[in-house]
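Starting off, we have a lone chain in the form predicted on its own, written out as structure tokens.
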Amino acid sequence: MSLRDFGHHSRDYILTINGGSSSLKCSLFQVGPPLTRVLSCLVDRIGFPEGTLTLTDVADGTSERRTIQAAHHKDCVDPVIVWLEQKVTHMGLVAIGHRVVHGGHRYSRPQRITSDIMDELHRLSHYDPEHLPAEIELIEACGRRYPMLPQVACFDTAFHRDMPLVARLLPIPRRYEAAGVQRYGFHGLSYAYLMEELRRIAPHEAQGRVILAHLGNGASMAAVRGGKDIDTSMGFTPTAGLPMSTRSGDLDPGLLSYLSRTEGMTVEQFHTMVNQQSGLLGLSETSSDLRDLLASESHDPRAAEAVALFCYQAKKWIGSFTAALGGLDTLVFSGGIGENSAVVRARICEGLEFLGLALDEARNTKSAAVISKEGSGVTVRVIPTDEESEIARSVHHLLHQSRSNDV
């Protein structure tokens, strides 16, 4: 189906694909108005001997589960689409939207995928070897199944492309900037969705001084002023910034040379360590899941220290971004931890009363939409993120633009 056919089918759908390191999230959206999610799919434990494929009907909340053999992300595409086609009769798939973690310095908005863009993604794969190769595999696998169907890349870096130069520069020799080595930032699809939601529910807040805290397996923050992103915690790669489930966050760069001299550690071994063996897992030596660490912190000092460091570093980033913003009006918690852990939210905000942050204990315990006290200087919100909806919205917008240009 071509772009010209968009909107002419009795039931048009957009498929979104969001690949993680060992998982794949897909959603099927019926084209509106409004744009409506009808099915969600999760493939877990990709690369393990036996994975699971779970399909959820959004309307009634029912789920079905199957086992799946998926050594690589590309192996998931056919089983997922076959199951979707069985569930949705007369499905007219008009486009597939992909979350692409890194767009380099060229892409500041969603792009219809072409051979030139695929060449650029292959070139950029060295920027983020943890994510981009698998995402490229997914795009290629979808292209083989639907060779005529439009595919759209939605870049996680795009939200941050207009950050001020001072926030993008790395203090290394200038020749590297010309080669594209700079601070990019990530979680951009989540941040774009959160800002859209904030504009919907509190438009005056969206124009103020906002810190967005996406806290999950991957964790980062963004500082937004007047609706524009001015800084973010992640850098050239998603390893930078806050400590995460298995990623280290910011480290002294001299650590690489030290470990190379003392242990003979190679660059690849260091890369594996800071991405897969560090963060909460490395500190606790037991789990990368914050829920496990909270459950065991009373009797396991390492678990307690891992949780304390995570909250301490998050508190520091809020302080630094408040300085960059010239004050703070709204703090938004999101992501798996940010949306669900009242304990972590409270510990992060504790001691920040001088900035105007004051949580209402009852509201925070319930994970209410607003968890700050009445009359406090900073409004603290909990907004569930939805990267798949942001992808679908971006694809829908791009398709309509293309139709208008074709007329």
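Quick caveat: nothing in here was measured; it's all calculated off a predicted structure. Numbering starts at 1 and follows the sequence shown.
Missing here is the form predicted in complex with a small molecule; even so, the following discussion is about that form.
With the partner omitted from this view, the residue of N275, S288, Q111, Q182 that lies near the small molecule in the model of the complex is S288 [heavy atom within 4.5 Å]. In summary, among the residues L294, L149, L170, M118, the only one with a non-hydrogen atom within 4.5 Å of the small molecule in the model of the complex is L294.
Under a 4.5 angstroms non-hydrogen atom cutoff, the small molecule in the model of the complex has N340 among its neighbouring residues. Taking the partner from the other structure, the small molecule in the model of the complex has a heavy atom within 4.5 Å of a heavy atom of N217. Although the partner is absent here, H397 is not a contact residue: none of its heavy atoms lies within 4.5 angstroms of the small molecule in the model of the complex. In the model of the complex, the small molecule lies farther than 4.5 Å from every heavy atom of G249. Picking from 217 to 225, 266 to 274, 324 to 332, 301 to 309 the stretch near the small molecule in the model of the complex, with a 4.5 Å limit on heavy atoms, gives 217 to 225.
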